[in-house]
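Single chain ahead, written as structure tokens, the form predicted alone.
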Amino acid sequence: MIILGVDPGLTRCGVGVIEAGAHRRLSFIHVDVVRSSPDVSQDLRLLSIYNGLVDKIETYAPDAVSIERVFAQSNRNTVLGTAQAAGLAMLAAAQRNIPVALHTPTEAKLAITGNGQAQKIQVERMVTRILNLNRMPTPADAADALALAICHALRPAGALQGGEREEHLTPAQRQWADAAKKATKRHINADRGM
């Protein structure tokens, strides 16, 4: 399953792409930051972020998109820009029928380090180790995007757990299970040359 993580932001929007294979084996695919200039009007900044996200989604064809859940911050302008960028990521995924999951920073830290209160450097080191990278991804937005993708892979909201039956799944869990099935079929067909 290909997972695209998004750390939303109006100036810098981190994008990280990983593959979650069998037995939770994770592989690095891509990391980048989509940028917008603070010197242009807000509508053009949003368009720039949207176009960059669409480009990443179309290039990497993810099976799921994992986005940081926006929470209230003291700086209202920052939270508004972050929420708008998160909405653009959700829109770009929804237009392509790609399931979206929202994860809080605490959930991502917990999934990556085992500590929901971990420092940023601890998360960056674990992302580097988990994905077997030669160096830590920079800037921090890029590392955060990879952390969100890893979080989604390690905390699958919809993967059937032992003993669960499909009729007991929430709609979001059902979407995840369907995406996992499609990804498996796509990889099997690719292996067969179809």
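Residue numbers here begin at 1 and follow the sequence given. What you are looking at is a predicted structure, and each value in this text was computed from that prediction instead of being measured.
This protein has a second form, the form predicted in complex with another copy of the chain, left out of what is shown; the following refers to that one.
Any chance Q95 has a heavy atom within 4.5 Å of another copy of the chain in the model of the complex?
Residue-level check for Q95: yes, a contact with another copy of the chain.
Is the gap between Y50 and another copy of the chain in the model of the complex 4.5 Å or less for some heavy atom pair?
Y50: yes, in contact with another copy of the chain in the model of the complex.
Considering only heavy atoms, tell me if G116 and another copy of the chain come within 4.5 Å of each other in the model of the complex.
No, G116 is distant from the partner.
Using the partner position in the model of the complex, report whether L154 sits within 4.5 Å of another copy of the chain, counting heavy atoms only.
Contact with another copy of the chain, no.
Choose from 37-45, 125-133, 56-64, 140-148 the stretch whose residues reach within 4.5 Å of another copy of the chain in the model of the complex, heavy atoms counted.
Selected stretch: 37-45.
Could you list the residues in 111-143 that come within 4.5 Å of another copy of the chain in the model of the complex, counting only heavy atoms and keeping sequence order?
Going through 111-143 in order - heavy atoms within 4.5 Å of another copy of the chain in the model of the complex - there are no hits.
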